[in-house]
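Starting off, we have a lone chain in the form predicted on its own, written out as structure tokens.
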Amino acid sequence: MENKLDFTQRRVLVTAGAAGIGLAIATAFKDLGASVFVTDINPAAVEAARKAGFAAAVSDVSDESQVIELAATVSKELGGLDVLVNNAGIAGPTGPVETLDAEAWKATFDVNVHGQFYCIKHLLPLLRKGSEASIVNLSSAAGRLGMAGRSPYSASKWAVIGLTKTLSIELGDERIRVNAICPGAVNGPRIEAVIKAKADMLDRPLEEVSNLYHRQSSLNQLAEPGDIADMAVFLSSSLARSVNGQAMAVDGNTEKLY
């Protein structure tokens, strides 16, 4: 019986892959035999990833010139590319829309949307030569629901869904599948920072707001980084050969964002 989770002949790039959700995704692919390249903006995290056995480079995906250089490096290090996981993203500022700094708004889109565009544009030539090519874009539960006080983040993640669905049509004839993952609140330092910023905005106790985040899904729990990694693996595998243009929620059925 064919092992549909065999990645021994697959080459994978994970952006922001040296820590957090990205590292969980990169590790999942590596454990299934893939050749994995990770990029991250944090030099210390990149060095740790190298020590863990990953090919890695420091890169800021919001800078197109750095992405062009990254594409050349991936081509040299992996000899090609079969899976691109656009994981890089930032939380952006928190607050009522009239209080938000325009530069902070722009920076959120520079990473969350423009970074994905740059990576797809400049890595597409490698994917076109790859095997069972797949692009997985990280969106969010905030990309399908409104999120009061987080308009830059939510708007950017909605944009990711539009990009995903459009490219799934544009690249479908070439058998390059494009899907998105919409995580809910994922356990880790990033959501802790988001919760603190939200508590400060609402002028409510940190513990109270934290409890709201923990209970906003039907499962009354946060997702774990490994849950997101499992979905990325599935979407990139032959198990999902007919899954294209989808926004897959991994959020415990989140219905309201605080």
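Each residue number is its position in the shown sequence, starting from 1. Note that the structure is a prediction, hence the values are computed from the model and not measured.
From this point on, the text means the form predicted in complex with a small molecule, which you will not see here.
Trainee: With the cut-off set at 4.5 Å between non-hydrogen atoms, does P152 touch the small molecule in the predicted complex?
Mentor: Looking in the predicted complex, residue contacts with the small molecule do not include P152, since no heavy atom lies within 4.5 Å.
Trainee: Test of understanding: in the predicted complex, would S139 fall inside 4.5 Å of the small molecule by heavy atoms?
Mentor: Close contact exists here: in the predicted complex, S139 approaches the small molecule to within 4.5 Å, heavy atoms only.
Trainee: Although the partner isn't part of this model, could you tell me whether D60 comes within 4.5 Å of the small molecule in the predicted complex, counting any heavy atom of the residue?
Mentor: D60: yes, in contact with the small molecule in the predicted complex.
Trainee: Check whether R50 has any heavy atom within 4.5 Å of a heavy atom of the small molecule in the predicted complex, and answer yes or no.
Mentor: R50: no, not in contact with the small molecule in the predicted complex.
Trainee: Could you work out which of V111, L171, I161, L124 is the residue within 4.5 angstroms of the small molecule in the predicted complex, going by heavy atoms?
Mentor: Checking each option against the small molecule in the predicted complex, the one that comes within 4.5 Å is V111.
Trainee: Considering the small molecule in the predicted complex, which of R215, R204, K196, R190 comes within 4.5 Å of it through any heavy atom?
Mentor: Going through each option in turn, the one that passes is R190.
Trainee: Using a 4.5 Å heavy atom cut-off, are A16, I21 and A185 all in contact with the small molecule in the predicted complex?
Mentor: Every listed residue reaches the small molecule in the predicted complex, so yes.
Trainee: If contact means a heavy atom within 4.5 Å, which one of 176-184, 95-103, 124-132, 75-83 is the stretch that engages the small molecule in the predicted complex?
Mentor: Correct option: 176-184.
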